[in-house]
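Coming up is one lone chain in structure tokens, specifically the form predicted on its own.
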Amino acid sequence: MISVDRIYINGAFVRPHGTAEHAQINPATKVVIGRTLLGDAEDVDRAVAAARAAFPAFSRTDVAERQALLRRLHDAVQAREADLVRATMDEYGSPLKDTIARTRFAARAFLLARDTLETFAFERRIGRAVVRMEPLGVVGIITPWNANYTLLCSKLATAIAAGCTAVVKPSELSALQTNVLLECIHAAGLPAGVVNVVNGTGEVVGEAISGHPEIALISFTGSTRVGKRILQQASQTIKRVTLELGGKSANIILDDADLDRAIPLAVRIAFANSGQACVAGTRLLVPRSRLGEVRERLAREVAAVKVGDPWDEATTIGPLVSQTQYDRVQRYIHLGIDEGAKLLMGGPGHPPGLEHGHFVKPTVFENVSPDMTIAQEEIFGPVLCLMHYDTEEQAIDIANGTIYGLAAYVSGTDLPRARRVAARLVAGRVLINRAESSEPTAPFGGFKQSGLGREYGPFGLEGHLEPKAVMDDEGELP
């Protein structure tokens, strides 16, 4: 049993003022493996005060100094890869290969931010004015349980690159991972107050951060419902917000697609991270003329998916994070059946022999119409909706026909045509014949109710900066 009774404020590990506890549960076994003492609003106040005090000096550091800090953070996280992987496996249960990849990306995020600084223009000339890009101030970072320290490192890297200080609320479901990461951050030797981390619930610590008058920017990844609440709170002090929210991404299989490639890719896109991914392509749109071929190949591909022990390298889908998440996915599976969709694969309940954890059957629905609940709402589990279309125009309409616009996917052998389709999809990121991005510094974020603002690379960095125009009384450039 691991006890986490510390948070990180002003460069030191301290005991939180809060007294509430949270049990850390291994989702593969349902066994309690740790307990975490949670922070409260008073802890947030202390963290913000430390970040605020550190900001004047840190905001004046030069690019080379911040690049050196980012390098040290990379090295510290990389050195603890095995510990981070184990904590994540025990606490979250994502498959081993996926966990290793995300852990390596977490370390790499600091190098990507460092590299972005190489060419970023903090001073620009606009006519007779000089525009200086200045750090906003204290950034409030709130991360979700499905990629907690990966997103924490990415967001933190951008804040540090910009010269901002930070107050972080990680998911309370991820406290064991966060505890290891805090040791990495401490080992990197950042100036006191630059990074402050308070464990806690969204209702307590998240609310205190979102509404705090001394925080200039909220960087949040999570559900659309919570994003709306954060936006309301942030409006009271005119905070800037970056919100990466939910998705219901479409994957369009064009009629010229190579199904030997497209269908395995579709299953990977839908079931990545055990289906607990905001970018999951959970609506598979196929031409009616190829529906029979797709059904056959899809059934064969899903039947080969291994659900089970996340430590087994052959496992593709591990347990869902919690009983709450398991119940949510089961509710949507039942809704799909009740609304008239037909089960092609999977269905309610646990896979045989896996009743001891939060495991679900990889599920594929067919005969799904665009207005069904399972075709409109984010399920956040390994549930795929197979839908058909008659024309390319209809496929685009169906793909764009939700409140979301985070990601989209297109498969086809005629690349110019696939690019034309991609150009008409309302989504922040569109991948053609791919499951993952080929450019980690490309902007990431959503259209519509999938969010506001962008993360990563120069677009993410600009979101942490405020332009100041400077002109003198003689009209000369300063």
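All figures in this text were calculated on a predicted structure; none of them were measured in a lab. All residue numbers refer to positions in the sequence shown, first residue = 1.
Quick note: we don't show the form predicted together with a small molecule, though the next part is all about it.
Annotation: in the predicted complex, residues Ala113, Ala157 and Thr441 none come within 4.5 Å of the small molecule through any heavy atom. Segments offered: 97-105, 140-148, 359-367, 81-89. Contacting the small molecule in the predicted complex at heavy atom distances within 4.5 Å is 140-148. Exactly one listed residue, out of Gly346, Gly222, Gly163, Pro287, brings a non-hydrogen atom to within 4.5 Å of the small molecule in the predicted complex: Gly222. This chain is displayed alone, yet in the predicted complex one of Glu118, Glu203, Asp312, Asp327 has a heavy atom within 4.5 Å of the small molecule; that residue is Glu203.
Though the partner is left out of this view, Ser171 does reach within 4.5 Å of the small molecule in the predicted complex, counting heavy atoms only. For the chain shown alone, Tyr332 is not a contact residue for the small molecule in the predicted complex, no non-hydrogen atom being within 4.5 angstroms. Remark: Gly246 counts among the residues lining the small molecule in the predicted complex, judged by a heavy atom distance of 4.5 Å or less. A residue is said to contact a partner when one of its heavy atoms sits within 4.5 Å of a partner heavy atom; Tyr389 fails this definition for the small molecule in the predicted complex, lying far away.
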